[in-house]
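Have a look below at one chain only, the form predicted on its own, in structure tokens format.
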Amino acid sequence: MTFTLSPDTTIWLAALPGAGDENGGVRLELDDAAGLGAEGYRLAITGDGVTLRAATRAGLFWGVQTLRQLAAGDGVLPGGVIEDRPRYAYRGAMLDLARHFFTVDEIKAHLDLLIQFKINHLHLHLTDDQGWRLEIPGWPRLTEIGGGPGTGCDGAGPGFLTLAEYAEVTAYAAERFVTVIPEIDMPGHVNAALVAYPELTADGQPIAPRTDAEVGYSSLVAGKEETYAFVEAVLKTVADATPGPYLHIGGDECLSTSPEDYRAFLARVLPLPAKYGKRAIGWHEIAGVELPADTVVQYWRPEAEAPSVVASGRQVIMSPADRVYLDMKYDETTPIGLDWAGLVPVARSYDWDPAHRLAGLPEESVLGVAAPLWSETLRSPADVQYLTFPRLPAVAEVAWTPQSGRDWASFRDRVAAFGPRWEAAGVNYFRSPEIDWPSA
């Protein structure tokens, strides 16, 4: 049997009704009878209508996204029963605002595309060498200078979020069952902060702004108390402004920080998120030091075997650049993007198992999967879309669906059905030759 999904249902159902309500022929019920956990759902489609059951509103919401996917072609749903739950609790995407700023409306529009594939964490990279993108009261030059004209790669991406605008983004995300993770990168990737406040440099002297894409040349000074006053003020502000449980402190590519200073800095800084009610996340370099018990390590560098990540015994977010970095080129002809981690076609983003990427890392230590999108080559939302789609759906399926339930041929057919929908919505997706897209 088939059932045609009504336009009202395909638009949102964002304000999910309570148990027993009906919307566009879809009956939504809050019911844990299926035992599918906090984000799982049971979907029954018959000729008489659709019944969607879940233990939580989040489960109902993800079930609605499945309905939207099933209706991606002509709006006609196949009959049957689906019982579904995520493999991993953390299914993330990252957007780099530091190297090119994106406005509140642009972030919201991006988020609306992500949630269709059950992404439930949005990581915002807010600070780097080329820009500082979040207002910090008491430190106005961070955004006056670090978010001003001429910031971003090639000076092409000025702007910043006020705390009110950041609150608007986090509230919008929460309404869609997405947790925002703010990142304040340190002790490296801090040139924008040092330009704004030269007193934080080693000799207290002004330094030049940088708008190139090089890394590893900047560092906060581990031996100055001014450093820790600054860091604590920033992290407290960000923690207070963030309703979600995580605070990302970066920790990557600190090539101009000595190993001794790196250890000393993190010994002072890693406990601060917990002091302000948050759980620390850091890129996998932090696993080389002693970590607080609840710290999450985000694995990213593909050539690194990262034995320290495994040995740390901490939960791990899997973001191997050669599989899930959305800023990598699809192929040699891709006009934007980078290739330092190799070319990453759609199949490469799909065909891997997070539980077997790092030898010795037990399945239970994998918190989830996240796809970063760095913005060195991005200049518009259209650029974001081009590098995100159709790779993001591949990564999202890796994060949601158990390995035994994934099939590349099936995925290719299903993502192809989104082509006409993306075109109708004006989404600038990459027409990958790996996918048999419907004829225009």
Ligand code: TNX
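Start at 1 with the first residue shown and count on from there. Everything quoted here is computed from the prediction, not taken from an experiment.
The form predicted together with this ligand exists for this protein as well; it is not shown, and the discussion that follows is about that form.
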Quiz item: Site superposed, this ligand placed from its pose in the predicted complex: open or blocked, blocked meaning at least 3 ligand atoms within 2.4 Å of a backbone or C-beta atom?
Solution: open
Exercise. Have a look at Ala109, Ala304, Ala174, Leu338 for me and say which one sits with a heavy atom within 4.5 Å of this ligand in the predicted complex.
Key: Leu338
Quiz item: So which of Met186, Val369, Ile286, Met328 gets a non-hydrogen atom within 4.5 Å of this ligand in the predicted complex?
Solution: Met328
Quiz item: Using heavy atoms and a 4.5 Å limit, would one call Phe101 a contact residue for this ligand in the predicted complex?
Solution: no
Quiz item: Would Trp400 count as a contact of this ligand in the predicted complex, using a 4.5 angstroms cut-off between non-hydrogen atoms?
Solution: no
Quiz item: Closest heavy atom of Tyr386 to this ligand in the predicted complex, within 4.5 Å or not?
Solution: no
Quiz item: Though only this chain appears here, would Glu135 touch this ligand in the predicted complex if you measure heavy atom gaps against 4.5 Å?
Solution: no
Quiz item: Based on heavy atom distances of at most 4.5 Å to this ligand in the predicted complex, which listed stretch, 193-201, 136-144, 247-255, 231-239, is the contact stretch?
Solution: 247-255
Exercise. Quick one: name the residues from 298-313 with any non-hydrogen atom within 4.5 angstroms of this ligand in the predicted complex.
Key: Trp300
